[in-house]
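The chain below stands alone, shown as structure tokens; this is the form predicted on its own.
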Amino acid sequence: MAYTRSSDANEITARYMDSILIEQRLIDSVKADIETEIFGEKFSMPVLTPAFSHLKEFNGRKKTGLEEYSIAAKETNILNFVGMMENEQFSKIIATGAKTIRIVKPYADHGKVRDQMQFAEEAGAFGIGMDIDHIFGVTGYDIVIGEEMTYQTSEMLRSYVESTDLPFVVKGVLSVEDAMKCADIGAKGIIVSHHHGRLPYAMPPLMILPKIREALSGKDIKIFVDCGIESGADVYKALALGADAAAVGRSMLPSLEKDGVSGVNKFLTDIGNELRFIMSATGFEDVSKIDASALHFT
């Protein structure tokens, strides 16, 4: 689904993110620590890889883009996500050693949903989840690479959560209502996202993020965000507005395509360095202490 008019959700998201300015606070500030904790594990920074699907081999290299960015996630010690793929491909992702959450599509074939989630757990996944923003297409239920999708009720999602001991993450939350339903069914994480503008005029994730954070206050659930995250400044804004971590997406692709693992390593390192710099320059020495007090909306 592609939109090119000025009302496109991706352009709206970019304009909103760029409208948020950052106040400098230097006196009494110290060098920031960007290490973060997610689901009981320590990671080098609150930056996530995206749940990409079906990336090919780039520039004649032997490993797929999915494997390459997973290796980079392992080497930089960040939480890794992958999306739609068959079990054989997921085995290759697990072989990289990256702590990986597998996001399964809402297949109409419920047996396939359960098979892929069970396979992920048995293979050593760090977590599993579902991509609810691919439920619908413009003519009804979505069809993704020949696979039909279907609706997902709270009870269906609850059954997935209860079928595993792993953290369960719901991707595609863009409302307080859905966020609360995810918490009620026992999900351990949500990804606030419009999936690169699948919904026309979709509100920017960072716009709804503070309301979601307020609604989930006191609940044991992590809030992640994606869409338009391209820099350490974007990650900082996401954290300040209520996210626990932010996922880069298409911004990572040029580095991945050109230089593979080393390109993604540099890309992620640069994002972490800019995040540390902005935290240090705004008086926040720890990721968990960042709030919106240094943000200004124009």
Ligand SMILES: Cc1cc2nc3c(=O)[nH]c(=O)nc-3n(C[C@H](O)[C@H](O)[C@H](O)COP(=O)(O)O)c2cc1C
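What you see is a predicted model, and the numbers here were worked out from it, not measured in a lab. Residue positions are given as counts along the sequence shown, with the first one as 1.
FYI, the form predicted in complex with the named molecule isn't displayed, but the following is about it.
- Comment: 49-57 is the region of 49-57, 231-239, 22-30, 258-266 lying near the named molecule in the predicted bound form, near meaning a non-hydrogen atom within 4.5 Å.
- A residue is said to contact a partner when one of its heavy atoms sits within 4.5 Å of a partner heavy atom; Ile103 meets this definition for the named molecule in the predicted bound form.
- Within 4.5 Å of any heavy atom of the named molecule in the predicted bound form lies no heavy atom of Pro167.
- The named molecule in the predicted bound form is approached by Gly249, whose closest heavy atom lies within 4.5 angstroms of it.
- When the named molecule is considered in the predicted bound form, His196 lines it closely, a heavy atom lying within 4.5 Å.
- Exactly one listed residue, out of Ile94, Ile221, Ile185, Met84, brings a non-hydrogen atom to within 4.5 Å of the named molecule in the predicted bound form: Met84.
- Screening Cys227, Val173, Ala73, Ile212 for any heavy atom within 4.5 Å of the named molecule in the predicted bound form leaves a single hit, Cys227.
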